[in-house]
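Take a look at this one chain, the form predicted alone, written out in structure tokens.
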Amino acid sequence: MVINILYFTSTGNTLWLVQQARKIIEEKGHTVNLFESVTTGLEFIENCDMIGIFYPVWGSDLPDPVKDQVRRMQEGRGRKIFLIGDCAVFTGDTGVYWKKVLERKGYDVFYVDHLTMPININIPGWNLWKVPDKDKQDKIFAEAESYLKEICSSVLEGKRKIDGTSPFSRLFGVLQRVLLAPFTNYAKKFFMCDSEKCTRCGLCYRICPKNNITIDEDKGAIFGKDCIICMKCYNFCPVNAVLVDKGSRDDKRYRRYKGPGRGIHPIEYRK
């Protein structure tokens, strides 16, 4: 069997999951091709027996790059799809909502599930949940790997499961999606650069999925209007010069999530 997986990753959790999924599935004798949603066209729907979509949950919704790809997908004609999301706190009805979208296109969305991964947002006004320390991260990744093995086995066996159907998930999922765009438009105004700390290395420019950052020799990083709050620039800046409000200068209180490690590095979209 050939399985094509479309994915988006911000700080690396989803990339780690798709790489683990590929390893698990290929050990069972199948072929897995990975397609990064920012850089691929619609070739991920071609030449395969099954399609997987992996995504970080954003406000009970898909991240914009995956959402854009799903909307462009052509008639499914009954082709099988499974949806696997990851989130630190609340997944809502993300998979259920997009299952319906894909089914209207003619796909058979037979499996929807979500895993818990470390949180990557720790900013002023959003610090109820802290970035976990290494021991806690190791525990989260061990549990995720164990559960991912169960998911992959179930998918290969053709089992059906739909996560996120409870009334609580549906209600708060709808509320989160309604509030997501206003929140994004509000929050992106607070991105700024500490020009004294900024080394002008250009990493934030290279890893931004929307090409929303430019580097100025005097001001450092300058942010445009196309931010999708992926948090890559904020978390991966080597000197924590990217800020979300001035309060985040306190990088001990507002600790950055530097990604899962484990051989995972931030995807760079440009030189």
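When you see a residue number, it is the position in the sequence shown, counting from 1. Model, not experiment: these values are computed from the prediction.
One more form of this protein exists, namely the form predicted in complex with a small molecule; it is left out here, but the text below deals with it.
Could you tell me which of 112 to 120, 145 to 153, 193 to 201, 161 to 169 sits within 4.5 Å of the small molecule in the predicted bound form, going by non-hydrogen atoms? Checking each option against the 4.5 Å cut-off leaves 112 to 120.
All of 12, 56 and 176 with a heavy atom within 4.5 Å of the small molecule in the predicted bound form: Yes, because 12, 56 and 176 each have a heavy atom that approaches the small molecule to within 4.5 Å in the predicted bound form.
In the predicted bound form, the one of 231, 50, 215, 227 near the small molecule [non-hydrogen atom within 4.5 angstroms]: Among 231, 50, 215, 227, a heavy atom within 4.5 Å of the small molecule in the predicted bound form occurs only for 231.
Considering the small molecule in the predicted bound form, which of 96, 131, 88, 73 comes within 4.5 Å of it through any heavy atom? Residue within 4.5 Å of the partner: 88.
Residue 60 within 4.5 Å of the small molecule in the predicted bound form, heavy atoms: Within the cut-off, so yes.
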